[in-house]
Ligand SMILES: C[S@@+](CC[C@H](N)C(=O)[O-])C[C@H]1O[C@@H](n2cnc3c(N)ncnc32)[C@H](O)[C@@H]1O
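Just the one chain here, the form predicted alone, laid out as structure tokens.
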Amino acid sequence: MSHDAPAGRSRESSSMSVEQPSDEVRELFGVAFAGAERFAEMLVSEGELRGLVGPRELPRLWSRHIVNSAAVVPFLPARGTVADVGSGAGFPGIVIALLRPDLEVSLIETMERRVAWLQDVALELDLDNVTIRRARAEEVRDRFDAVTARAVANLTKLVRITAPILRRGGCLLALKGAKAEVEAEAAKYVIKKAKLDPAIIHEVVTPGEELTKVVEVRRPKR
């Protein structure tokens, strides 16, 4: 992939317009950039064919998906285990695994073709900190230090399905859009019933001045 155009500008590739990462994005990913770039290349060449991303998503692949996924990373624990629920194409799970090779990342996905894709990506990127599990969150019996989710369900449902797999002191980190506050308000009763702390909404400005909201719901340590 060419690196001349910043995020938000594009070039023609295989009859489609593909966004190129800016210098700011390269700096954000640091030593993980090569892996992120290869991940993007795989999505461009196979993502639409395998039903992972729509053609309209490719022009903003970096800003809308890859960089957006990175917004959750500052809130991850210093050490331990992470479960990415409903990993799909690998957002944010693959991005987390690239940026935090010190964490053990479980990608939880129900659909067989998506599981096959995640296996291909983990092998291609040599992600030895990744475990891929074909399961629903409700079927998982392990406990994790953090659980992440993006475009899976509203916060009320997310809390219901992820609270049981949160360790004491662990947190749910949900990537949300403009309706984050509305969802957090609607989920208040479910959060309280699950004996979790009230939701905190973090606003993260990613490269390209994109605003991403990360909703954090934590299980108390005691």
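Quick caveat: nothing in here was measured; it's all calculated off a predicted structure. In this text, residue numbers run from 1 along the sequence as written.
Another form exists, predicted in complex with this ligand; not displayed. Remarks below refer to it.
Residues within 4.5 angstroms of this ligand in the predicted bound form, judged by any non-hydrogen atom, belong to 107 to 115 and to none of the other stretches in 72 to 80, 107 to 115, 123 to 131, 94 to 102.
Contact check for residue 136: a heavy atom falls within 4.5 Å of this ligand in the predicted bound form.
This ligand is not shown here, but in the predicted bound form it comes within 4.5 Å of a heavy atom of residue 85. Proximity of residue 166 to this ligand in the predicted bound form: non-hydrogen atoms within 4.5 Å are absent; the residue sits far from the partner. Put simply, residue 161 is close to this ligand in the predicted bound form: some heavy atom of it is within 4.5 Å. Residues 150, 151, 152, 161 are the members of 143 to 177 with a non-hydrogen atom no more than 4.5 angstroms from this ligand in the predicted bound form.
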